[in-house]
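Take a look at this single chain in structure tokens; it is the form predicted on its own.
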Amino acid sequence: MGKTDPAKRIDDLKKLIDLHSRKYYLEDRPEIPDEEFDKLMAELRRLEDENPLFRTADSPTQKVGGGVSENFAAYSHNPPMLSLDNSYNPEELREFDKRVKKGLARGDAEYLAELKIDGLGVNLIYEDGKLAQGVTRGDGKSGEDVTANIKTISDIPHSIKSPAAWARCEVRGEIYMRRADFVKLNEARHEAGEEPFANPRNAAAGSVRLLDANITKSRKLRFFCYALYVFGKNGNAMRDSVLKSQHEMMQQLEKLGFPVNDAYKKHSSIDGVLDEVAAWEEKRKKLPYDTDGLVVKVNSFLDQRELGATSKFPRWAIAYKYAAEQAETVVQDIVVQVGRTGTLTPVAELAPVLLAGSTISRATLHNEDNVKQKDVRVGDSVIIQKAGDIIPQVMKVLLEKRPDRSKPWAMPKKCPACGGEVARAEGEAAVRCLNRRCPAQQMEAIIHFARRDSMDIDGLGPSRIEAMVQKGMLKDIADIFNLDYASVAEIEKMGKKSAGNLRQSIEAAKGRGLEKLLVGLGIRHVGERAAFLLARAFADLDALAAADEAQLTAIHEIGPEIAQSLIQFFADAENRKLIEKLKKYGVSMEGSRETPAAQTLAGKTFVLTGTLEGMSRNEAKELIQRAGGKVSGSVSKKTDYLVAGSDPGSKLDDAHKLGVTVIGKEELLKLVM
């Protein structure tokens, strides 16, 4: 087939869009700006319209963007949390107005315009006025239950004075981070040797999905709401009988005590909306948080029902997105950085240029495929923009300005840090250095080991680690626990006091235990969640190292990929030597051994409701998961047990209707045993 074959292009676009959706929604590490993603989606939609036989149910055009992480229980949204269609110019907004008028019998509409907050969409569920659950948007149909983290956000009320007839209400909105807090967070991450977040939106999303609510609390997240759904005692939807419009709903949310962005405004025509769009283009830059446009909604709920929705978008709403600020500069060089796992990352060295208020001289090119796709070469004039107004990215090459005799860039055949062999695994975009003793990898491994969510060694940031590596004081992570502190004190900007503080921090790190040690060791595929589960399944590191695949995969959520990675890690002679050195220097390797010996709840699905005496909802959730069970956010036919405490709310009624077995805390403990 030729390059222009529509079936192949559609298939390629699907894979590319799914890849970037995963990067954006689940990994919180976007590689392309929103506008570039939207262009890919628009091309796919156009090709499918022209070739409807190639449109499939699993196409990105037929489903809401996003996904649900396996680290959290799932919750089904009703009604779904749909995406918004996008517009980028006044003509597209006027086309939306024409579609709305054509779809309404009366042929006219009033609009409500509000700022589009660049954050993470969430759904807050209140039962009898009390916050019961907080859930991410996920794929629109179901999201992740992140209640413990949601409750750490000070903007979100834990209880509201709702009318007595409201048995349940759902409040939807965006969790976001102010720019100043984002900058401070990234500065702290850099000092701790952690990868910075790409933009405030991804910082917010990553913070909400953390397994430690205390870290979420420290991130200074905020919340704006934009939607309210109300349900009566019998589960019937009743919002539209008590509220008539978007404008009334926003006022009601304010009365209930929710933070509402006060920039919302009614307009009698699309002309008023366009005037507001123009007014905010410059004003938005002075706001303390990111907004990349406005959301325009038909104001009347009656009109909204008449217009309806597609499987992906409501027909009564659209997002207007401002164009990102761009600048032209020249690629002076393309250098390659080597990461902790040996990954080679190309970085463009740029002629310094002012962009969105700061001088830019570098931009990541992500990987070899990205450089080839955009055909970025040394000497090229390029257009750059800041993704989310924060991280600079090369958008396109100005081919008409390309110098004569320019040569395509190629990934080096040898590691630039050590001269060792490099290779690219099948199915991966990353090229990696194969030399385990590569100094660049060793330094990044030490930085990773010392960072806050690993061994949390305060005072051992990247700059100090680099100085110690250069002086030969650190060759691997074990050397951290055998430092000569007299020599440490002589390092520039250290001194005896700082060296003493570092010594105390390192001594404290020895007692972190197996969970933190596993994170610090940087075993491939073993992140915080896997480390948490493994530390509760094994008495110590020796027991873990002796486990076979069957023993490892018997642990709930530990699959073959993680199991094989662990087996390979412990089979490596260099890794075993490193572990012996850590033991010699007194590093604790003991687990918490809290997992029951038998997976007594394997295959069973539980829902929690109400207050359990002497046990928090998170503790109950962990207990069920450690015994092999699954915790869901809502009652369905697939639910095996509803664990009910005091003040159970509407989930108890749902369980009775569906014939689900209802148990209390004591019965749950008996099942686990």
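Numbering starts at 1 and follows the sequence shown. These figures come from a predicted structure and were not determined experimentally.
In what follows, reference is made to the form predicted in complex with a small molecule, a form of this protein that is not presented.
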Checklist entry - Can any non-hydrogen atom of Trp316 be found within 4.5 angstroms of the small molecule in the predicted bound form? => result yes
Next on the checklist: Can you work out whether Tyr226 and the small molecule are in contact in the predicted bound form, taking contact to mean some heavy atom pair no more than 4.5 Å apart?
Outcome noted: yes
Item to check | 4.5 Å heavy atom contact, Ile117 to the small molecule in the predicted bound form | outcome: yes
Next on the checklist: Although the partner isn't part of this model, could you tell me whether Gly121 comes within 4.5 Å of the small molecule in the predicted bound form, counting any heavy atom of the residue?
Outcome noted: yes
Item to check | Location of the small molecule contact in the predicted bound form, chosen stretch of 464-472, 551-559, 292-300, 411-419 [non-hydrogen atom, 4.5 Å] | outcome: 292-300
Item to check | The unique member of Leu131, Leu93, Leu82, Ile383 whose heavy atoms fall within 4.5 Å of the small molecule in the predicted bound form | outcome: Leu82
Next on the checklist: Give me the residue from Glu515, Glu174, Glu170, Asp97 that has a heavy atom within 4.5 Å of the small molecule in the predicted bound form.
Outcome noted: Glu174
